[in-house]
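Next up: just one chain, as C-alpha coordinates, the form predicted on its own.
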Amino acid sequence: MTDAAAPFVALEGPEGAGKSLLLSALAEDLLTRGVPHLITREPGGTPTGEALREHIWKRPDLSIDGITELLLLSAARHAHMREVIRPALERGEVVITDRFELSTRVYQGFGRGVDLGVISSVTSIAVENRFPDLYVILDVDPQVGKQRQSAAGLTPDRIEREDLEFMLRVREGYRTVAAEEEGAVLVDASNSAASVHRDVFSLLRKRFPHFWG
(Lines give C-alpha, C1' and ligand atoms only; values in the text may rest on other atoms or scores of the structure.)
Protein backbone atom coordinates (compact mmCIF):
# COMPACT_ATOMS: atom_id res chain seq x y z
CA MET A 1 0.00 0.00 0.00
CA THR A 2 2.86 2.38 0.85
CA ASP A 3 6.61 2.37 1.23
CA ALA A 4 6.39 4.14 4.60
CA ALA A 5 7.36 2.09 7.63
CA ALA A 6 4.35 0.73 9.47
CA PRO A 7 3.82 2.58 12.78
CA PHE A 8 3.89 1.07 16.24
CA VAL A 9 1.22 2.71 18.43
CA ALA A 10 0.54 2.15 22.13
CA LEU A 11 -2.75 3.08 23.79
CA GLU A 12 -2.23 4.17 27.37
CA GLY A 13 -4.16 5.64 30.26
CA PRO A 14 -5.54 4.97 33.73
CA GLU A 15 -8.25 2.42 34.45
CA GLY A 16 -11.61 3.12 32.82
CA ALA A 17 -10.21 5.57 30.27
CA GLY A 18 -11.82 3.73 27.34
CA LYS A 19 -8.84 2.00 25.75
CA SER A 20 -10.73 -1.18 24.90
CA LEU A 21 -13.47 0.67 23.01
CA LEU A 22 -10.90 2.75 21.14
CA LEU A 23 -8.87 -0.34 20.27
CA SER A 24 -11.96 -1.97 18.76
CA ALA A 25 -12.73 1.14 16.70
CA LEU A 26 -9.16 1.32 15.39
CA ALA A 27 -9.13 -2.37 14.51
CA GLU A 28 -12.45 -2.09 12.65
CA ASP A 29 -11.22 0.94 10.70
CA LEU A 30 -7.97 -0.77 9.63
CA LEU A 31 -9.82 -3.95 8.69
CA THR A 32 -12.39 -2.05 6.64
CA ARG A 33 -9.68 -0.25 4.69
CA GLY A 34 -7.62 -3.40 4.18
CA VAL A 35 -4.58 -2.16 6.11
CA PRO A 36 -2.45 -5.07 7.43
CA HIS A 37 -2.34 -4.75 11.19
CA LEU A 38 -1.83 -6.47 14.52
CA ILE A 39 -3.88 -5.73 17.65
CA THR A 40 -2.31 -6.91 20.89
CA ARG A 41 -2.20 -6.15 24.62
CA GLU A 42 -0.12 -6.18 27.79
CA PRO A 43 0.17 -8.10 29.90
CA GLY A 44 -0.61 -10.60 27.14
CA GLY A 45 0.06 -11.07 23.48
CA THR A 46 1.99 -14.31 23.98
CA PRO A 47 1.45 -17.48 26.05
CA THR A 48 3.88 -16.03 28.62
CA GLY A 49 2.03 -12.72 28.82
CA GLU A 50 -1.41 -14.31 28.95
CA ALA A 51 -0.25 -16.63 31.74
CA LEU A 52 0.96 -13.59 33.69
CA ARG A 53 -2.41 -11.88 33.20
CA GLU A 54 -4.43 -14.95 34.16
CA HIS A 55 -2.42 -16.36 37.06
CA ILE A 56 -0.90 -13.24 38.63
CA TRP A 57 -2.65 -10.07 37.47
CA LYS A 58 -6.08 -11.45 38.35
CA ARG A 59 -4.94 -12.53 41.84
CA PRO A 60 -5.72 -9.71 44.29
CA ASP A 61 -4.64 -11.98 47.13
CA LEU A 62 -1.00 -11.83 45.98
CA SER A 63 1.22 -9.20 47.59
CA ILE A 64 3.74 -8.12 44.94
CA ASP A 65 6.14 -5.20 45.31
CA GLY A 66 7.03 -2.78 42.54
CA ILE A 67 10.39 -4.34 41.60
CA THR A 68 8.82 -7.79 41.27
CA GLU A 69 6.05 -6.33 39.10
CA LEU A 70 8.68 -4.60 36.96
CA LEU A 71 10.61 -7.82 36.39
CA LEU A 72 7.53 -9.94 35.71
CA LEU A 73 6.12 -7.45 33.24
CA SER A 74 9.48 -6.94 31.55
CA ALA A 75 9.99 -10.68 31.06
CA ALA A 76 6.56 -10.94 29.42
CA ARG A 77 7.28 -7.80 27.36
CA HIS A 78 10.54 -9.25 26.05
CA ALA A 79 8.66 -12.29 24.73
CA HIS A 80 5.99 -9.98 23.34
CA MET A 81 8.53 -7.94 21.41
CA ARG A 82 10.52 -10.89 20.04
CA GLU A 83 7.62 -13.19 19.22
CA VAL A 84 4.86 -10.82 18.16
CA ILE A 85 5.57 -7.10 17.77
CA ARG A 86 8.88 -7.02 15.91
CA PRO A 87 7.91 -9.76 13.41
CA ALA A 88 4.64 -7.91 12.64
CA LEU A 89 6.46 -4.62 12.05
CA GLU A 90 8.97 -6.39 9.82
CA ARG A 91 6.04 -7.75 7.79
CA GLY A 92 4.86 -4.17 7.30
CA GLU A 93 1.86 -4.41 9.62
CA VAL A 94 0.56 -1.54 11.74
CA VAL A 95 0.90 -2.60 15.38
CA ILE A 96 -1.44 -1.25 18.05
CA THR A 97 -1.04 -2.44 21.62
CA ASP A 98 -3.26 -1.89 24.62
CA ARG A 99 -0.47 -0.76 27.00
CA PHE A 100 3.29 -1.07 26.64
CA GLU A 101 6.33 0.05 28.62
CA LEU A 102 4.88 3.47 29.45
CA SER A 103 2.42 1.68 31.74
CA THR A 104 5.40 0.30 33.66
CA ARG A 105 7.02 3.70 33.95
CA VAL A 106 3.80 5.17 35.29
CA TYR A 107 2.32 2.36 37.41
CA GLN A 108 5.51 0.93 38.87
CA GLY A 109 7.46 4.21 38.73
CA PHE A 110 5.07 7.01 39.69
CA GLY A 111 2.60 4.65 41.35
CA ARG A 112 4.86 2.26 43.27
CA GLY A 113 7.90 4.52 43.60
CA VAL A 114 10.36 2.30 41.71
CA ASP A 115 13.35 4.32 40.51
CA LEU A 116 12.75 5.47 36.93
CA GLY A 117 16.40 4.86 36.06
CA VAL A 118 16.06 1.22 37.09
CA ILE A 119 12.88 0.91 35.02
CA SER A 120 14.62 2.46 32.01
CA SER A 121 17.57 0.04 32.21
CA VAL A 122 15.37 -3.04 32.50
CA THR A 123 12.97 -1.84 29.84
CA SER A 124 15.71 -1.16 27.27
CA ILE A 125 16.71 -4.82 27.50
CA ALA A 126 13.13 -6.05 27.44
CA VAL A 127 12.10 -4.14 24.31
CA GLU A 128 15.48 -4.39 22.56
CA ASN A 129 15.43 -0.59 22.23
CA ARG A 130 12.29 -0.65 20.03
CA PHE A 131 9.75 1.77 21.45
CA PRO A 132 6.36 2.87 20.07
CA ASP A 133 6.30 5.63 17.49
CA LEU A 134 3.37 7.17 19.35
CA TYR A 135 1.79 6.83 22.78
CA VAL A 136 -1.88 7.85 22.77
CA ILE A 137 -2.69 8.60 26.41
CA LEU A 138 -6.38 8.71 27.30
CA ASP A 139 -6.72 11.03 30.27
CA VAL A 140 -9.62 10.69 32.70
CA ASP A 141 -10.26 11.35 36.38
CA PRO A 142 -9.64 8.07 38.28
CA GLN A 143 -12.99 8.31 40.03
CA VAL A 144 -14.77 8.62 36.68
CA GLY A 145 -12.80 5.65 35.39
CA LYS A 146 -13.79 3.54 38.38
CA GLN A 147 -17.44 4.48 37.92
CA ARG A 148 -17.28 3.44 34.26
CA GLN A 149 -15.80 0.06 35.13
CA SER A 150 -18.37 -0.51 37.83
CA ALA A 151 -21.23 0.42 35.49
CA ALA A 152 -19.86 -2.04 32.93
CA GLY A 153 -19.89 -4.80 35.54
CA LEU A 154 -16.17 -5.46 35.20
CA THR A 155 -14.33 -7.39 37.91
CA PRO A 156 -11.24 -5.37 38.94
CA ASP A 157 -7.84 -7.03 38.77
CA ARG A 158 -5.14 -6.57 41.42
CA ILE A 159 -3.97 -3.24 39.96
CA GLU A 160 -7.49 -1.91 39.44
CA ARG A 161 -8.17 -2.53 43.15
CA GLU A 162 -5.55 0.05 44.20
CA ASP A 163 -6.76 3.06 46.16
CA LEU A 164 -7.50 6.54 44.83
CA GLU A 165 -4.14 7.98 45.91
CA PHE A 166 -2.32 5.39 43.82
CA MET A 167 -4.49 6.09 40.78
CA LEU A 168 -3.95 9.84 41.16
CA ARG A 169 -0.18 9.27 41.08
CA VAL A 170 -0.65 7.19 37.94
CA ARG A 171 -2.64 9.93 36.25
CA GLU A 172 -0.04 12.52 37.22
CA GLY A 173 2.65 10.24 35.79
CA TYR A 174 0.91 10.08 32.44
CA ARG A 175 0.47 13.85 32.39
CA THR A 176 4.12 14.37 33.24
CA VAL A 177 5.26 12.12 30.39
CA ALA A 178 2.87 13.77 27.92
CA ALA A 179 4.28 17.19 28.83
CA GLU A 180 7.88 16.05 28.40
CA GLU A 181 7.87 13.68 25.43
CA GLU A 182 6.95 14.58 21.86
CA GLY A 183 5.94 11.00 21.12
CA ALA A 184 3.31 10.97 23.88
CA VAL A 185 0.03 12.80 23.32
CA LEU A 186 -2.65 13.35 25.96
CA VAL A 187 -6.26 13.02 24.79
CA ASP A 188 -9.18 14.14 26.96
CA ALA A 189 -11.14 10.93 27.58
CA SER A 190 -13.79 12.51 29.81
CA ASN A 191 -15.99 13.18 26.76
CA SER A 192 -18.17 10.68 24.91
CA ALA A 193 -16.53 7.70 23.24
CA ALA A 194 -17.47 9.10 19.81
CA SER A 195 -15.75 12.41 20.60
CA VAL A 196 -12.63 10.70 21.92
CA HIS A 197 -12.43 8.46 18.86
CA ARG A 198 -12.70 11.48 16.54
CA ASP A 199 -9.84 13.17 18.38
CA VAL A 200 -7.63 10.07 18.18
CA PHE A 201 -8.33 9.41 14.51
CA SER A 202 -7.51 13.06 13.75
CA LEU A 203 -4.22 12.67 15.63
CA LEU A 204 -3.34 9.48 13.74
CA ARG A 205 -4.11 11.07 10.36
CA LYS A 206 -1.70 13.88 11.15
CA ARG A 207 1.07 11.63 12.46
CA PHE A 208 0.73 8.73 10.00
CA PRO A 209 -1.01 10.01 6.83
CA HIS A 210 0.14 7.02 4.78
CA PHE A 211 -1.94 4.73 7.00
CA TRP A 212 -4.74 6.96 8.28
CA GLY A 213 -4.86 9.56 5.53
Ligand code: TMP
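All values reported here derive from a predicted model rather than from experimental measurement. Don't overthink the numbering: it's just position in the shown sequence, from 1.
The discussion below concerns the form predicted together with the named molecule, not included here.
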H197 versus the named molecule, in the predicted complex: is there a non-hydrogen atom within 4.5 Å? no
How about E50: is it within 4.5 Å of the named molecule in the predicted complex, going by heavy atoms? no
May I ask you to state whether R77 is within 4.5 Å of the named molecule in the predicted complex, using heavy atom distances? yes
With the cut-off set at 4.5 Å between non-hydrogen atoms, does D98 touch the named molecule in the predicted complex? yes
Assert contact_stretch over 140-148, 175-183, 25-33, 52-60 against the named molecule in the predicted complex, heavy atom within 4.5 Å, equals 52-60
Residues in 93-116 with any heavy atom within 4.5 Å of the named molecule in the predicted complex: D98, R99, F100, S103, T104, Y107, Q108
